[in-house]
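One chain follows as structure tokens, the form predicted on its own.
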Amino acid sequence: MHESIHLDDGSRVAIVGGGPAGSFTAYFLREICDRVGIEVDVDIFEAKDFSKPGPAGCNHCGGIVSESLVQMLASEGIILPDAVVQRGIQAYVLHSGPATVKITPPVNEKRIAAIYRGAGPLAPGGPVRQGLDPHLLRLAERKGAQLINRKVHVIDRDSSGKILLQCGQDRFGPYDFLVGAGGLSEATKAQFEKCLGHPVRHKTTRALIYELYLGEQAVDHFLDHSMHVFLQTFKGLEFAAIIPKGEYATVCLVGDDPGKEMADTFLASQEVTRLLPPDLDIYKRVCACKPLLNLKTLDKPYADRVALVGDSGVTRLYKDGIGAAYRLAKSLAVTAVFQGVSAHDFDNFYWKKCRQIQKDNGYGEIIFNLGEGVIKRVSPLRYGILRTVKNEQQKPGRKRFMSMAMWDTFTGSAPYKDIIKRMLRPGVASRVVFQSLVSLFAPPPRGENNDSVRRAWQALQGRREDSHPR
């Protein structure tokens, strides 16, 4: 017979990791406990100082938040201030060879926001920006959680099964419940596996994320309020995007161990050179990182008194990691307060929510495998999809099923199952087949020509030089 382990007055909770998953869990634990009249102490252990620019305050993320998530958070009392949003994204631009197609949503609710997780790139003299992670941490502290700015080195249990933490020479605990929100680092993973009593295996891939310094005027001229997605086919690259943020463009590459060679190939491609300013000397790469991405969690990420959440537990495939952190953190907090913190309690409640995301990720695998294995390699089909999207965008009165399927694929704003249903609608599928046949004989679809923007930029630079003679 399985027994529940309950949180009562005076119970103590430790959360290792102060990113969105950890902050959301602390926020909801305190919120729910206050509502039901239980006094529970919550300690958040986070070694990083998110007020510092560069790696010291960065949590390695492309930084996209959908408007639907912003609205859901607002309904919980979690308001995302304007200072956190580095740029509102109003459109996606798809690039594939000579083809360019712009996708705009039919309603404002589909907009997305570009954010930094910490204080922004490490650049001499650059501004320190307000990031998402420190904002969420402050909200959790206002709810009564305590931030302990220390790195956890050892996780152990006492004779009763409660949790003990060690930071350097200092020991903390015992804790009645431990939440792991520390990401996918091997050191953190090893600590939690010892405490869980079983391995937690993940299927992962790696991303390369770095910042290009363009200056705010160049970002306005060339990227505007659009996120640019590149359907390129060179070896090893699965996904590529450029996201405008303030004075910088965040470049995200996902593939087989992406590095400098892949980045150089990407920057030299015709799609990128056609998009960005012509003077390559203005590019300054700063703050590059290579985070692991959790594609699938192969084991149950919990045991008695211990549960993992966020990237170290279960998350959405490729997209909307912050949204997944919010949903699962709330589910974990609800389970802990109303059901208990035993493995049996997590089996019956928290794991069901995790399984919903895992199951939907299966549909996501179909979409991305189809894109990587077929659409990218068969140019008539790729151009047929882009033609279908372009036709939908040119006819505002028409239902934009393929356009919104592409939009939600890139933003993660909708379940992957719903996206597949939209893509496979009979009318949509027949239009894609027809446009693919047209693409066998017609040139690729072309969108807005960036040449005029480049000429205007060069003229502006020329006027600047004339106004400052040497």
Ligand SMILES: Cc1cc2nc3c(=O)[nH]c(=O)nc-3n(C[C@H](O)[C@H](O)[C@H](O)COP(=O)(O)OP(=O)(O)OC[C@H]3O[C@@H](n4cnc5c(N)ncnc54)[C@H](O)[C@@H]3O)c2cc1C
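Note that the structure is predicted; figures quoted are calculated from it, not measured. Numbers for residues come from their place in the sequence shown, where the first is 1.
In what follows, reference is made to the form predicted together with the named molecule, a form of this protein that is not presented.
- Query: Of P301, P277, G120, G182, which one comes within 4.5 Å of the named molecule in the predicted complex, counting heavy atoms only?
  - Reply: Partner contact (heavy atom, 4.5 Å) among the options: G182.
- The unique member of Y416, F45, W407, F28 whose heavy atoms fall within 4.5 Å of the named molecule in the predicted complex: When the named molecule is considered in the predicted complex, the option within 4.5 Å is F45.
- Message: Is it the case that Q435, even though its partner is missing from this view, gets within 4.5 Å of the named molecule in the predicted complex, heavy atoms only?
- Response: Contact check for Q435: no, nothing within 4.5 Å of the named molecule in the predicted complex.
- Query: in the predicted complex, does E392 have a heavy atom within 4.5 Å of the named molecule?
  - Reply: Heavy-atom contact with the named molecule at 4.5 Å: absent for E392.
- Task: Give a yes or no for L80: in the predicted complex, does one of its heavy atoms lie within 4.5 Å of a heavy atom belonging to the named molecule?
- Result: Result no; L80 lies far from the named molecule in the predicted complex.
- Using 4.5 Å between non-hydrogen atoms, is K151 touching the named molecule in the predicted complex? Close contact exists here: in the predicted complex, K151 approaches the named molecule to within 4.5 Å, heavy atoms only.
- Task: Please name which of the stretches 34-42, 423-431, 63-71, 399-407 has residues with heavy atoms lying within 4.5 Å of the named molecule in the predicted complex.
- Result: Result of the contact check: 63-71.
- Scan 3-28 and write down, in order along the chain, each residue with a heavy atom lying within 4.5 Å of the named molecule in the predicted complex. In sequence order, V16, G17, G18, G19, P20, A21, G22 come within 4.5 Å of the partner.
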